[in-house]
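Starting off, we have a lone chain in the form predicted alone, written out as structure tokens.
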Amino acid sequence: MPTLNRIRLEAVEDAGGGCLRLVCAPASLIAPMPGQFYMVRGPWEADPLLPRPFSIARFRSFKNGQIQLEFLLRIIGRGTRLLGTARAGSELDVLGPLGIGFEQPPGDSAWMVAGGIGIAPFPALIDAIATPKRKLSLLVGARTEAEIPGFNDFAANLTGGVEIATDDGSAGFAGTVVDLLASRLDRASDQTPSQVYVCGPHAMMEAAAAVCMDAGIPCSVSLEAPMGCGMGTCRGCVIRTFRNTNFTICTEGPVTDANVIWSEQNSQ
């Protein structure tokens, strides 16, 4: 069961690409799974009323049973702007862990494909699935070089390397991260991954899922949507699947097989 806890911020750090890393002090919490999320409310008054959903970027377990959480955010609206003003010593109300997280890849190779702040759930995933024999790669896309989030603090386990794509060609591959994914699959030949994990804007994930389907590679996506409660009550995060059924992101996701959402569309 998720729990509501008040925890203290230990540090607020520049994470690169216009993003901030919120590092919480260790606390007595339920350990999350990579890909799960928390509803977070910062040190503000009644406006905004509702908390904001954030993927768990990283967590550490201590011998005394305490858990340290990290969140990665980009300032977009009022809620993230207020969180961005928080400082060490501020307190956050966090409800979680919530939702369904990532599963282990079926083989010894996995790629993570991130669109901008979609990189947020991947540090925790990389920590969880890294093994001496498993080859992990990260593909990161952004509009410009200045918007690429940092990854140096978790790059050690990326034995398959990191590749960058920018829409304007200012760094790395010139094009979208989906174009980069398709290009890398063409180059990989017999070294294709056993699993691809994708997080980013909805349209970007749909396009990446289509590329993976064409290549016959399993694809898991971490969906995003505005949420009011995070537990399926408010119905604010419901999307329609290709079967014209409702999919509630906060309880049936946020992580799911891409075929659940887009299979028929992508096969056309």
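Numbering starts at 1 and follows the sequence shown. All values derive from a computational prediction rather than experimental measurement.
The form predicted together with a small molecule is left out here; the points below concern that form.
Highlighted residues Val12, Pro149 and Ala155: none comes within 4.5 Å of the small molecule in the predicted complex, counting any heavy atom. Checked against the small molecule in the predicted complex, the candidates Gly161, Pro106, Gly77, Gly89 yield a single residue with a heavy atom inside 4.5 Å, and that residue is Gly77. A residue is said to contact a partner when one of its heavy atoms sits within 4.5 Å of a partner heavy atom; Ala210 fails this definition for the small molecule in the predicted complex, lying far away. Looking at Ala120, you'd find a heavy atom of it within 4.5 angstroms of the small molecule in the predicted complex. Remark: Ile126 does not count among the residues lining the small molecule in the predicted complex, judged by a heavy atom distance of 4.5 Å or less. Using a 4.5 angstroms threshold between heavy atoms, Pro226 counts as touching the small molecule in the predicted complex.
Shown alone, this chain has one stretch from 212-220, 226-234, 60-68, 23-31 that lies within 4.5 Å of the small molecule in the predicted complex by heavy atoms: 226-234.
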